[in-house]
Ligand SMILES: Cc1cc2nc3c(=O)[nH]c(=O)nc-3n(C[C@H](O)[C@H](O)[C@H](O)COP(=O)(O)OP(=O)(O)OC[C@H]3O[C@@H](n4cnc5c(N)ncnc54)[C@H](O)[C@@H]3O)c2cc1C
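This document opens with one chain alone, in structure tokens, the form predicted alone.
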Amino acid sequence: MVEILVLAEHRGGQLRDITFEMLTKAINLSSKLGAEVISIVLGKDVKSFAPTLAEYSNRVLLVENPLFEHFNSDLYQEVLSRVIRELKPLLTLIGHTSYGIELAPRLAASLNIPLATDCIDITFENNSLIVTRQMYGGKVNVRAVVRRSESYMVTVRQGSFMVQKPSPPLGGRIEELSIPMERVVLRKRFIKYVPPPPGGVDITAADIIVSIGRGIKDKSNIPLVEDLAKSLGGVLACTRPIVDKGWLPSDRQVGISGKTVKPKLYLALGISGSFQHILGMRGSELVISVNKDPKAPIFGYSDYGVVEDLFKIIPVLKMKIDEVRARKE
């Protein structure tokens, strides 16, 4: 049986979005390859994750051990190398995150299987693995054929695939694995998790985002949009050119080199819609765009689009919002 193995990543008691992105892609590939999707989760007190993973998997492998309370690549490598040697999956998917960047290269080397990193797409053609990566800051997409092998490993860039819950759920069986770890030599130990310094606003947690691009024209116009965002109960975000100009801090940037967001409402003002930006916001529930250019790519990813000067739209929109709020008060 052909199998695709997905390493479930979790932090702070929650499964991370990259896990479901990889499982979505694995399901898509499995339908074409006639493969079985297997997810594996390692940790302490992680049984509660298993039912959710089972919805996206044909099998869920559960490895519980107090040693796995915090991520340690020495321990992960020991367990995964044993599992991969036994299962011999056609493909192993690991997130291109701080965890995966540390783990995947040494794991692939120990198993002597080819590794493709930081991929935004994966497919099989004529029994060969084809991966897509970005180069030159996302300006060029490159498709590469990975050397022939019985098994492959790929790290997946976050935000590359939209999560789609299978309907009906796959309802995979849950299997607990007991793997002795007493003889594993730990070369590193966990001290503490240090979160990135706060920038005042976490755009990844916002339900409403008002995002600006080159169409804002000048830094002096940003307060106008920020006021609109506050009226909506949202936060202000931006594209890379705005950060490059120093008009907003990097923690406000949406896109490949910024953050991936999934708000309930994404209001894009003066944003053309480069591929790099789209990858960071395409998971939004509702996208409304305003741009003077009717051919702007952003409209292809929007639920509603307005072809107009954003400086004509913002005052009217702000006025209408204030009227609605006044009536409710």
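Between two forms, the rigid core is the largest collection of C-alphas that superpose within 1.5 Å. In this text, all values refer to a predicted model and were calculated from it rather than measured experimentally. In this text, residue numbers run from 1 along the sequence as written.
There is another form of the same protein, the form predicted together with the ligand; it is not shown, and what comes next is about it.
Heavy atoms within 4.5 Å of the ligand in the predicted bound form: which of the stretches 76-84, 167-175, 228-236, 255-263 has them? Result for this chain: 255-263.
Residue (of 65, 276, 302, 58) lying close to the ligand in the predicted bound form, criterion heavy atoms within 4.5 Å: Partner contact (heavy atom, 4.5 Å) among the options: 276.
With the cut-off set at 4.5 Å between non-hydrogen atoms, does residue 213 touch the ligand in the predicted bound form? Answer yes; at least one heavy atom of residue 213 falls within 4.5 Å of the ligand in the predicted bound form.
Can you tell me if residue 52 lies within 4.5 angstroms of the ligand in the predicted bound form, counting non-hydrogen atoms only? No, no contact at 4.5 Å.
State yes or no: in the predicted bound form, is some non-hydrogen atom of residue 293 no more than 4.5 angstroms from a non-hydrogen atom of the ligand? Within the cut-off, so yes.
Mark residue 114 yes when one of its heavy atoms lies within 4.5 Å of a heavy atom of the ligand in the predicted bound form, and no otherwise. Residue 114 lies outside the contact set for the ligand.
Per-residue C-alpha change between the shown form and the other one, residue 247, threshold 2 Å, rigid core fit: Yes: residue 247 shifts by at least 2 Å between the shown form and the other one.
So that I can tell if residue 11 moves, could you say whether its C-alpha shifts by at least 2 Å between the shown form and the other one after the core superposition? Stays below the 2 Å threshold, so no.
Would you say residue 258 moves its Cα by 2 Å or more between the shown form and the other one, aligning on the core? Residue 258: C-alpha displaced by 2 Å or more between the shown form and the other one.
Closer or farther apart in the predicted bound form, the C-alpha atoms of residue 98 and residue 276, for a change of 3 Å or more? It is closer: in the predicted bound form, the C-alpha atoms of residue 98 and residue 276 lie at least 3 Å nearer than they do here.
In the predicted bound form, the Cα separation between residue 164 and residue 237 changes by 3 Å or more relative to the shown form; did it shrink or grow? Relative to the shown form, the pair is farther apart.
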